[in-house]
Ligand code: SAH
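This document starts with one chain, in the form predicted on its own, laid out as structure tokens.
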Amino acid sequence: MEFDGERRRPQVVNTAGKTTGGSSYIASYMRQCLTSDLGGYYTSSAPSEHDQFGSKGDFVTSPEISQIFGELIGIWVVAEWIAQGRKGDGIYLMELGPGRGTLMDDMLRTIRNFPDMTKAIEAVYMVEASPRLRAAQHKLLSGDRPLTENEFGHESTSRHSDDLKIIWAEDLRLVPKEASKTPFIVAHEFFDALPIHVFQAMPQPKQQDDGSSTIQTPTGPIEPKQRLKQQQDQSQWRELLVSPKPPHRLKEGEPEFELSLSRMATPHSMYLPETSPRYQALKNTDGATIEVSPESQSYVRDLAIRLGGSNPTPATAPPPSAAAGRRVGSAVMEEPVIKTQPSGAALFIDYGPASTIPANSLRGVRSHERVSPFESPGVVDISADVDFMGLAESAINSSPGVEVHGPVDQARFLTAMGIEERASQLVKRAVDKERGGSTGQDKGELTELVKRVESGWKRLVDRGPQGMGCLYQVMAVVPHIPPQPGQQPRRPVGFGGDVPM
């Protein structure tokens, strides 16, 4: 471990995840750079005045740009609660990767306007691995109320209500998974920071049979011709790795790591690209590149089961090896979640292509500028595009009780939710207060407020080539409830649907 002058920087290539030849899996590199307790971008315990969020940090998120964003997410949650019958108890809210807590704070402030739902919320779960960010969230959501340890991690109460518990857990698996509960879950700019594996399709090298590969058996030799032909007709996935640059190419001021292609198949390349027909379809396309995030798929699987219950467990015969008298170790079986009625909802907001598999999207971000992901490991934020179709596939395959809507671009979603109307309402309220003399503001301050509101909402729905309204996608996972005869399938608000009142 060494210092880089700002905070501890992990020696990622020399830690877990190392492959032969001194290289490291991209997923291991990302995990070490972002969440290592020794020097991770989000989890470092080293003293630092650097704040990742805001105009003085590395990036600005939608909740920091405009309060309307969080308000509309809160309205979406309320709309789903109404559409599902206004359940009176057993509800909890959950946010994955809550940043400084701004989004949840705006959501709670909005939901407070609906007393029946407010009373039904038992707790708010914040899934956060960073002690520093947890402290910021606690300060915003709980004020000066004490933060205590509990069986899940830490706990406090809302500064708005003594009856509302705010619970922090470092991992989603620590949050109780109960069939009787109704979770409303938000993940904003969460999946883009989860580790990925990157694979490239390569043709099999031509092999010449010199006789050395002939298999000798007691009954005679077995020629490999047929086996060679089958292998040569197929391509192979190779994994991209993070490798140290050779000394002769290492220049001062440049990153010391680079991507390299594995010389042979890795355990991940032999398994992960075969898990989806979407990946398999590209295997024989020479040079095709795909990014796969097993952790993202695992998170979505967990969330889908919370909403719709587990898949039915099929009655299976004993493994063949067991039937042959060979002892087989038993895997730890996950306790199934049996929900008699699917309930709750999950909303994912992130950047990535709406319908294609991400490729070549690994990036670093520092001071609002895109930089190499290998520049100053542990100091630079690292992310990759989200595979929304992969998330949808994981949700549907994991639970019979859920359906997926979207993704739709952020501009379309926020416009459907009424962002322009809410901005006009905020401006009118500020103007009316100023005219009534109840704000104590001069006209200059009012003008700045109006400009901030107007520029904020327009930035969120900007459909330019690099605009947030175009780059960000929104996807919903909701209960699958078959429509009654003569009825149309229900669509959530923001995805072409409405709320029956």
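Keep in mind the model is a prediction, meaning the values are calculated, not measured. Sequential numbering from 1, following the sequence displayed.
What comes next is about the form predicted together with this ligand, which does not appear here.
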Non-hydrogen atom contact E128 with this ligand in the model of the complex at 4.5 angstroms: yes
Contact label in the model of the complex: P294 to this ligand, heavy atom within 4.5 Å: no
Proximity of L426 to this ligand in the model of the complex, heavy atoms at 4.5 Å: no
Partner contact for G99 in the model of the complex: this ligand, 4.5 angstroms, heavy atom: yes
Interface segment, criterion being heavy atoms within 4.5 Å of this ligand in the model of the complex, picked from 185 to 193, 106 to 114, 357 to 365, 268 to 276: 185 to 193
Residue among I91, A288, V380, L133 with a heavy atom within 4.5 Å of this ligand in the model of the complex: L133
Contact residue in the model of the complex, from Q67, T61, S28, S36 (heavy atom within 4.5 Å of this ligand): T61
Sequence-ordered list of residues in 154 to 173 near this ligand in the model of the complex, where near means a heavy atom within 4.5 Å: E170
